[in-house]
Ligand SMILES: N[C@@H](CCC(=O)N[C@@H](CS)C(=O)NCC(=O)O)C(=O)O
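What follows is one chain in structure tokens, specifically the form predicted alone.
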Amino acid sequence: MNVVPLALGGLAGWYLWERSHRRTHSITGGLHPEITLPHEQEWELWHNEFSLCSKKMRVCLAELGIPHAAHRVDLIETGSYETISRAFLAVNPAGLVPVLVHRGHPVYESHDQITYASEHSGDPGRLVPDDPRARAVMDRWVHKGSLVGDDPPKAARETAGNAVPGLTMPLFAAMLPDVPVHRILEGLLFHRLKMRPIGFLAMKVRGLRAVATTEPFHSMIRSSRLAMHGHLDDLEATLGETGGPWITGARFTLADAGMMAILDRIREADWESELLVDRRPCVQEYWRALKARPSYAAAIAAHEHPTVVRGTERIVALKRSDPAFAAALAS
């Protein structure tokens, strides 16, 4: 008996079965009371250490003092595509973190999650200013701190959050040596946005040095870097107008939770020397104040992932040893 056709048939059957149980689709933000998930506590959070939006959500929960159960979910950058596992897709069919769960009902999209948490925390005014003008400033920067759309780098000028993935490209490449190829291939089979695993596979093969000079990575990094310069100029002006120390003035708000996550990603990807040092004094002071808050220690510093730490170290080391690499990133 020829076992090859049987083996191929078995593989095809497995793939079709898996695919039928791993269907992903976009889902609207906000609370979904029609969905009830198994839960143990009033508040639960499905999150990842590295995820920008997970960082923002953890900061918000820490600032609000909301006790919650935490469920860690792997991203491919931190080891595997757990976000497209059958178990997690039952929590979020879009395969995205974070997911905030309140009394068993999921809340999707981080900008909706932080607003929902604030409104239902028992202290709804804690992170939201009363003054309408300050509220308008906060709302503008909540949007500016958000990731919008399936392809954020194409709209990097729209929000600072959308400029982050392009700036993170070198860090992605620096982390991928720790990620097995077969984990990335799983994304090719089951991820709804195929260009993402294709991009990760290309970075895995080419390596960190090549990412700085290879198209389309170089163009994406450059356009995102220029866009972030614009967003930080805007932030410098806003802080100057409100007088700081926070975006709306004296009160820390939801807008600051989002910018804390973004400025920390700038640190992780080693862009501080270009984007923050020796320029934008208001933003520099703002970043120092953010790092001094207990929420930064609890929600960000306490969740450092070793793969991310090694990735940052690799970027710093290569910049020092290879001036051409550093120049390519800054070109």
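Note that this is a predicted model, so its numbers are computed, not measured. The numbering used is simple: start at 1 and walk along the sequence shown.
The form predicted together with the ligand is left out here; the points below concern that form.
- Looking at 64 to 72, 292 to 300, 32 to 40, 50 to 58, the stretch with residues near the ligand in the predicted bound form, meaning non-hydrogen atoms within 4.5 angstroms, turns out to be 50 to 58.
- Proximity of H102 to the ligand in the predicted bound form falls outside the 4.5 Å heavy atom cutoff.
- Residue contact check for I184: none of its heavy atoms lie within 4.5 Å of the ligand in the predicted bound form.
- The shortest heavy atom separation between T159 and the ligand in the predicted bound form exceeds 4.5 Å.
- Remark: T248 does not count among the residues lining the ligand in the predicted bound form, judged by a heavy atom distance of 4.5 Å or less.
- The contact with the ligand in the predicted bound form, taken as any heavy atom within 4.5 Å, belongs to L147 out of M228, A212, V142, L147.
- Of the residues given (K204, R196, H120, H218), R196 alone sits with a heavy atom within 4.5 Å of the ligand in the predicted bound form.
- Interface residues of 88 to 113, taken as those with a heavy atom within 4.5 Å of the ligand in the predicted bound form (partner not displayed): G95, L96, V97, P98, E109, S110, H111, in sequence order.
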